[in-house]
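First, one chain by itself: the form predicted on its own, in structure tokens.
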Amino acid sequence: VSANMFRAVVRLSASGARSLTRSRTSISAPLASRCYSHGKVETDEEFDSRWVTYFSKPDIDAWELRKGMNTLIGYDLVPEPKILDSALKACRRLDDLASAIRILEAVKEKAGPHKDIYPYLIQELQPTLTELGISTPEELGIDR
């Protein structure tokens, strides 16, 4: 009797373990497809245009500027110069030099180990920086 009980317990526990692993697989697969199945994919040009338009709003306030930059910096990319140009001009409209410098610092940090990206961005943004009277963190001596 004890051998039969032992076999029954092993059989039940083995089928229980299989059903647990089966249920885990079925749960994770729909989640993976659900995360990637939303809407149409935005092109790079549409993405850039959306952010330039966002920062070009004449009535943008300081909170919207910071929120937009935090969202933009959270993406897995370094923003294009035209987006940063628009953001810096929004800083000027708000008379917010601190945010402009913080944007440059954040972009430098975002570029990370790719040492050629930040100088390229500064080169592309130089006419805007000069026009708006914004110094880079390096010019101010506050770079790390």
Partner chain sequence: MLRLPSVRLGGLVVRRASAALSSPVRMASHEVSQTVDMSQPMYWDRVDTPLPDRRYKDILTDSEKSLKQKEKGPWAQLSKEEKIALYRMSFLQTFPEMKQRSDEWKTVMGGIFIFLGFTGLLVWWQRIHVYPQRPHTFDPEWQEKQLQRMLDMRISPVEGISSKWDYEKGQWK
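Worth saying up front: this structure is predicted, and the values here are computed from it rather than measured. Positions refer to the first chain, counted from 1.
The protein also exists as the form predicted in complex with its partner chain; that form is not presented, and the subsequent description refers to it.
- Judged against its partner chain in the predicted complex with a 4.5 angstroms heavy atom cut-off, the residues 52, 78 and 84 are out of contact without exception.
- For the chain shown alone, residue 134 is a contact residue for its partner chain in the predicted complex, at least one non-hydrogen atom being within 4.5 angstroms.
- Among residues of the shown chain, residue 43 is not one whose heavy atoms approach its partner chain to within 4.5 Å in the predicted complex.
- In the predicted complex, at least one heavy atom of residue 95 sits within 4.5 Å of its partner chain.
- Contact between residue 102 and its partner chain in the predicted complex is found at the 4.5 Å heavy atom cutoff.
- Counting a residue when any of its non-hydrogen atoms is within 4.5 Å of its partner chain in the predicted complex, the hits in 59-87 run 65, 66, 69, 70, 73.
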